[in-house]
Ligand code: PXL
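First, one chain by itself: the form predicted on its own, in structure tokens.
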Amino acid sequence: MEPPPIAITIAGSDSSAGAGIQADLKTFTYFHVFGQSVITCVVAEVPGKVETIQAVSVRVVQDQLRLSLENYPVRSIKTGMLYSKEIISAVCDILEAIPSQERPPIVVDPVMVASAGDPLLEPDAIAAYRDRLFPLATVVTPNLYEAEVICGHKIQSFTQLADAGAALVRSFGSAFLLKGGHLPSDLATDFLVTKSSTISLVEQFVEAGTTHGTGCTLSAALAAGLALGDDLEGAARRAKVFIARAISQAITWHGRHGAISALKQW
């Protein structure tokens, strides 16, 4: 029996399991991809609240990634919460050492701010993303607010979002999947922008009780598709359908402080 392809997620651990490493591993498993993890931070959080962030040492982050890459035939890599300039640089040191023709596809989810508004990235880390990680990426997957930070200006329409994607591709050379779910519309429209094309990915907008983990889940599904051998457009379309299902089938519990929800990532 042929073993499943392997994908690595480099991200934070979410104690509520709706985002981060936990969401990524559930998503990989859904697609029959064997997920491995490089934990960058331990985060105490629930949807709507981040209480504590503890970064893992740079040496431990590098050792986790190095051991997987040295011992397994990794088919794709996804980065999520990297938190600091030091961690981003440590990850890039390892990825840059892989010859470009041997480097697995890299999906970069530039996690900057939690859906509740809590910062998930130290301010001086943005330059490390721009200078080192974005140029290594196969595709970068910012949401609206992250795209505004990277571009340095407000984005108020789908036309502006697509134009921003084209500018980012020119700046960094990698493809960008820009997510338009925060723009008011009856349709959830994302744009996959490459050097040669701009492709619209459209699903019906679903009013959800939570958006906790949507970015992690979409980028993990995209990495899973690439690990399975999809081309970038095929992986993006597969991921878009998956995140729409995950939102529409979200699960809700009624706890001590009211209703709380999670995406269906399996």
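This is a predicted model, so every value here is computed, not measured. Numbers for residues come from their place in the sequence shown, where the first is 1.
Absent from the display: the form predicted together with this ligand. The rest refers to it.
Within this chain, residue 111 lines the site of this ligand in the model of the complex, having a heavy atom no more than 4.5 Å away. Not displayed here, this ligand is kept clear of residue 225 by more than 4.5 Å at the level of heavy atoms in the model of the complex. Although the partner is absent from this view, residue 106 stays clear of this ligand in the model of the complex, with no non-hydrogen atom inside 4.5 angstroms. In the model of the complex, residue 155 stays away from this ligand, with no heavy atom inside 4.5 Å. Contact with this ligand in the model of the complex, judged by any heavy atom within 4.5 Å, is made by just one of 235, 43, 38, 218: 43. Of the residues 139, 147, 128, 120, just one reaches this ligand in the model of the complex with a heavy atom at 4.5 Å or closer; this is 120. In sequence order, 12, 13, 14, 19, 20 are the residues of 3-25 having a heavy atom within 4.5 Å of this ligand in the model of the complex; the partner itself is omitted from this view.
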